[in-house]
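For reference, the chain that follows is the form predicted alone, supplied as structure tokens.
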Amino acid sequence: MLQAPSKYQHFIDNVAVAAASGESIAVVDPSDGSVFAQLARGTAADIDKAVIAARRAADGVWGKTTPVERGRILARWGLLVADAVAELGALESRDTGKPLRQGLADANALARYFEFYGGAADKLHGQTIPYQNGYTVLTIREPHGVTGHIIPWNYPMQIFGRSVGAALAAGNACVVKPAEDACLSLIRVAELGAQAGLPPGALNIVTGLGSEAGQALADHPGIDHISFTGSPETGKRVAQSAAAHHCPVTLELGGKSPQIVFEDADLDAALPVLVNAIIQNCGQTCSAGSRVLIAAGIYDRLVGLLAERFQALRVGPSTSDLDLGPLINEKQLHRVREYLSAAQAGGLEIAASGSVLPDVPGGGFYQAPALLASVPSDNLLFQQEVFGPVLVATRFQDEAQALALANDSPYGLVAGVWTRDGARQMRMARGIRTGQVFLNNYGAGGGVELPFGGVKQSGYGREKGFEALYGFTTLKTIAMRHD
């Protein structure tokens, strides 16, 4: 088992900084419920100190760093992360409970984000605009200045990479508030950033509770842009707080993503993807494929195949590296179990479930994955994000009904469509109201290069890919008269 330091502090101005309050937060291992470290409990005073440091960097050495050099620093950072994959993956796995191989995959993805944005830093170009005689008009993109980043607990390293990596590449200085349930990997990553050449103040991390440090970050008038990933309820509060000082916000707020399987689909190709899309990270994924919509002609067959897969799934401690690890905390465990209890009370059929190993530690937060069949579209399990390993199956009669069911959700983040019919693929892709649509695949292997975000209650704005750089900059128009 990885030996973690007993106490973690904030990271401000490239050094460890104790909480102004002197208080701490217990770090709990989801696999056994034990406390194995302490986090600094940040408050408004710590956020203010971090914002001041970031502003100094943005107005000083970091703001004067050329795009080429910013890119080189990010590239060096990516190489350092790649060299530390084993350390970071193990730390992430223990902190979040996800199987070790998923923690390692997240660390590798983080290295790729820094590589990608390092290469993009000097390619963020403006335009010239044809105008009246005697004028030359051009546009340039400038960083916001100081950006705030509220990072959730399910994928700390990946979401840090897509958010902070893009913001730094664009020339912003960053203040980051990770979720109190998963901070440890990001503190280590920040140390590697300083080693790569990030100057003091360019990156600052304040740990603490969302209601304290997170709220203080959203409220701070010195923040010029906020990136938030989390629940719609908290996202609404963040946006309202930011609006008080006219601060733009990017929100990624989760989903209830459908995978639509037509009769002509390649079921051998689809089946493992359908299962993995809901069990990855124990279903605690904003883009989890939590609804499978199945053509009536293959419904019974596919549900039977899914049931066989679910019955073979095993759940255990993160170090066991099984199909699923524990949920993140006791609150999340209760949430998932309440949804399943409500489903059973409502007469829904649990077609199959996996199994938790009999010898798991008693204090861990373990939940067997469940497949529910014949779930009507007005049921809460069809409409609401469970954020756990629960897949619901619903049949459809024709393409029109499939599209209607896919869009019958308050969310609109991701969708998958499985069919060999090319015309149908494009009709569905154009008709589904989501930010991403995958045809005969789901997730495209993570896709650092692919813009990501949603519509409706899944939020607004885009992260990942080159598109993210536009969100972390402002556009300035310069008109010169020279006749």
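All figures in this text were calculated on a predicted structure; none of them were measured in a lab. Each residue number is its position in the shown sequence, starting from 1.
Missing here is the form predicted in complex with a small molecule; even so, the following discussion is about that form.
Proximity to the small molecule in the predicted complex, taken as heavy atoms within 4.5 Å, picks out 226 to 234 from the listed stretches 100 to 108, 138 to 146, 226 to 234, 374 to 382. Checking A167, V275, C286, V81 against the small molecule in the predicted complex, a heavy atom within 4.5 Å turns up for just one residue: C286. Between the options G118, G316, G222, G210, the residue in contact with the small molecule in the predicted complex by a heavy atom within 4.5 angstroms is G210. Contact check for W153, P178 and Q332: all three have a heavy atom within 4.5 Å of the small molecule in the predicted complex.
Contact check for D95: no non-hydrogen atom falls within 4.5 Å of the small molecule in the predicted complex.
In the predicted complex, no heavy atom of G354 sits within 4.5 Å of the small molecule. By the criterion of a heavy atom within 4.5 Å, T250 is excluded from the residues contacting the small molecule in the predicted complex. Contact annotation: Q280 falls outside 4.5 Å of the small molecule in the predicted complex, judged by heavy atom distances.
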